[in-house]
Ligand code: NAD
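One chain comes next, on its own, written as structure tokens: the form predicted alone.
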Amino acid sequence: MKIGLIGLGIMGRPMAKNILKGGFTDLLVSDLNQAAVDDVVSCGAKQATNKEIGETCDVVLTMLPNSPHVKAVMLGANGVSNYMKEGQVFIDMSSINPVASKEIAAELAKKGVEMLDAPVSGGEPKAIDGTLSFMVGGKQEIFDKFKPLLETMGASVVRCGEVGAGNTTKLANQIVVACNIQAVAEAFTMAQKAGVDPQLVFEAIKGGLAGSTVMNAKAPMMIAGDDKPGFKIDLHIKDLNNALDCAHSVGAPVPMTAAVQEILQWMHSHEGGQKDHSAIAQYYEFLTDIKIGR
């Protein structure tokens, strides 16, 4: 199977390496960042143009920032789909608006190209160790055929429905993650203001009902003041914008999502957009003049 992967950013680069480690060694890659391309090529991939990827690959993967980027790469004037033919498959691993996923799938269907939308959760650490969670939308038979490929990058690969269902599920995931991070920051700020060590609060509650994967990953970062991005605030803003758009289009109430989005937007406006989303805690630090755990 010849595979093309376009997008070698924070997530795409380690994901490409895990594809190679998983035994899919006929991998063509493309990215605007030549250093990222060189790094993956040094692991066994081959550099290619988008045209070469479209013409020669059985399956084309993308891992790009947002809907406009995926549309431009696939459907633009020199888009990959211009060079694809019936029988090829496109798998978009980006986190985009599900409406855009459906639009792209409809255009590809005109050429006989099938599509899966397969966004991921887990951030850079899980991209590196190959334990991402894939939420996939598309036909069952296409999902079954390419599930082994996705399993080289993820520990969980679940089909959620037809095209668009993957990104709808990802938006639900991002709402839960954002609200959870905000709740942890708010709770630990209250504890410290009340004179209780947030580290001890974390140790006491992480094994109970309040415990979560989000808390285990992000509470230590808040306490240490570590805002190195595993998942950037600006990317979470993008995801919640898509979530709000989706919710408004279907008439779903999302007041908590809107509240968290305002905090993330405040962080963006105060030079926090490139920080990890756990840096939501710094919003509370600004309001209270305390630093959690320090």
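Don't overthink the numbering: it's just position in the shown sequence, from 1. Bear in mind the structure is a predicted one, so any value in this text is a computation, not a measurement.
Only in words, not in the display: the form predicted in complex with the named molecule, which the text now covers.
Q.
Considering non-hydrogen atoms and a 4.5 Å limit, which listed residue (Val120, Val177, Ala185, Met115) is close to the named molecule in the predicted bound form?
A. Exactly one residue meets the criterion: Val120.
Q | Selected contact from Ser94, Thr169, Gln88, Gln192, since only one has a non-hydrogen atom within 4.5 angstroms of the named molecule in the predicted bound form | A | For this set of options, the contacting one is Ser94.
Q: Choose one stretch from 262-270, 27-35, 247-255, 53-61: the one whose residues place a heavy atom within 4.5 angstroms of the named molecule in the predicted bound form.
A: After filtering at 4.5 Å, what remains is 27-35.
Q | 4.5 angstroms heavy atom contact with the named molecule in the predicted bound form for Leu235 | A | Yes.
Q) Is Val73 close enough to touch the named molecule in the predicted bound form, meaning at least one heavy atom pair within 4.5 Å? A) Contact with the named molecule, yes.
Q.
Even though the partner isn't displayed, in the predicted bound form is Ile6 close enough to the named molecule, meaning a heavy atom within 4.5 Å?
A. Taking the distances in the predicted bound form, the answer for Ile6 is yes, it comes within 4.5 Å of the named molecule.
Q) Is Leu20 close enough to touch the named molecule in the predicted bound form, meaning at least one heavy atom pair within 4.5 Å? A) The answer is no: Leu20 has no heavy atom within 4.5 Å of the named molecule.
Q: Pull the contact list for 213-231: residues with a heavy atom within 4.5 Å of the named molecule in the predicted bound form, in sequence order.
A: Contacts from 213-231: Gly230, Phe231.
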